[in-house]
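Just the one chain here, the form predicted on its own, laid out as structure tokens.
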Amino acid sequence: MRLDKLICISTTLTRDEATRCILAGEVTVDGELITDIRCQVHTHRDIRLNGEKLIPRPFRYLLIHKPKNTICSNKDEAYPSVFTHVDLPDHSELHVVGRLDADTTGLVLATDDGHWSFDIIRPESHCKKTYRVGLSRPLTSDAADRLRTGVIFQGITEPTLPAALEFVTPTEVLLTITEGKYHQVKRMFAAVGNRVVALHREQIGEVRLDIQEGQWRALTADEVASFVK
């Protein structure tokens, strides 16, 4: 990770304060003075601030039940941040693993472990994500078959990967996909002549949403490990 981030997760310093310490020549890595804030370091290196060895705190792994009209950012913008009710210190160091639109609700994973999140979102992981989808009109069996086998978006030649689809009602389905294309679920249903009016993520990998809207909890060790290939 970047040296300035490692300082932040080892101290109470903000990112700006960590930057100033590095530029002031107060940080060494394995005995070498480092003044490049972008320097990439590993937690096993001997990193010292003014001669004091830094010990990074453990990484944090969270499950958040995202309400509607919140954004997957650690700063408030047009809508409040999904981290608004996460009462943890330094939650600005956390990032969301796979963003949801402001109007989409449900399961969000968050962490400060960049390697862990990358392993989940990289295309080769084929991590399953299940959504409860409300539709503007009943979904036909032909459209459902097309979604299961893969649809083609405008301007893209490759179809989406096969999806699992289960009817709840004629206008509500459970859709499981293994990709994370931009606005993928909404675009998939638009491609078969329908429109998403409600979207809620219920599961990522083996982790299911099990808390109330607006709440959060730490992932268990088994849940964290379930994403490690």
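Note that residue numbering begins at 1 and tracks the sequence as displayed. Just so we're clear, the structure is a prediction, and the values are computed from it rather than from any experiment.
If you look for the form predicted in complex with uracil, you will not find it shown, but the lines that follow are about it.
The listed set I120, L135, L100, L94 contains one residue whose heavy atoms approach uracil in the predicted complex to within 4.5 Å, identified as L100. Distance criterion of 4.5 Å from any heavy atom to uracil in the predicted complex singles out V185 from the list A191, L165, V185, I47. With uracil left out of view, the stretch that reaches within 4.5 Å of it through heavy atoms in the predicted complex is, among 120-128, 74-82, 100-108, 144-152, 100-108.
A residue is said to contact a partner when one of its heavy atoms sits within 4.5 Å of a partner heavy atom; I37 fails this definition for uracil in the predicted complex, lying far away. Not displayed here, uracil is kept clear of V173 by more than 4.5 Å at the level of heavy atoms in the predicted complex. Although the partner is absent here, V29 sits far enough away that none of its heavy atoms falls within 4.5 Å of uracil in the predicted complex. Within 4.5 Å of any heavy atom of uracil in the predicted complex lies no heavy atom of L63.
Contacts of stretch 198-216 with uracil in the predicted complex, defined by any heavy atom lying within 4.5 Å, are made by L199 alone.
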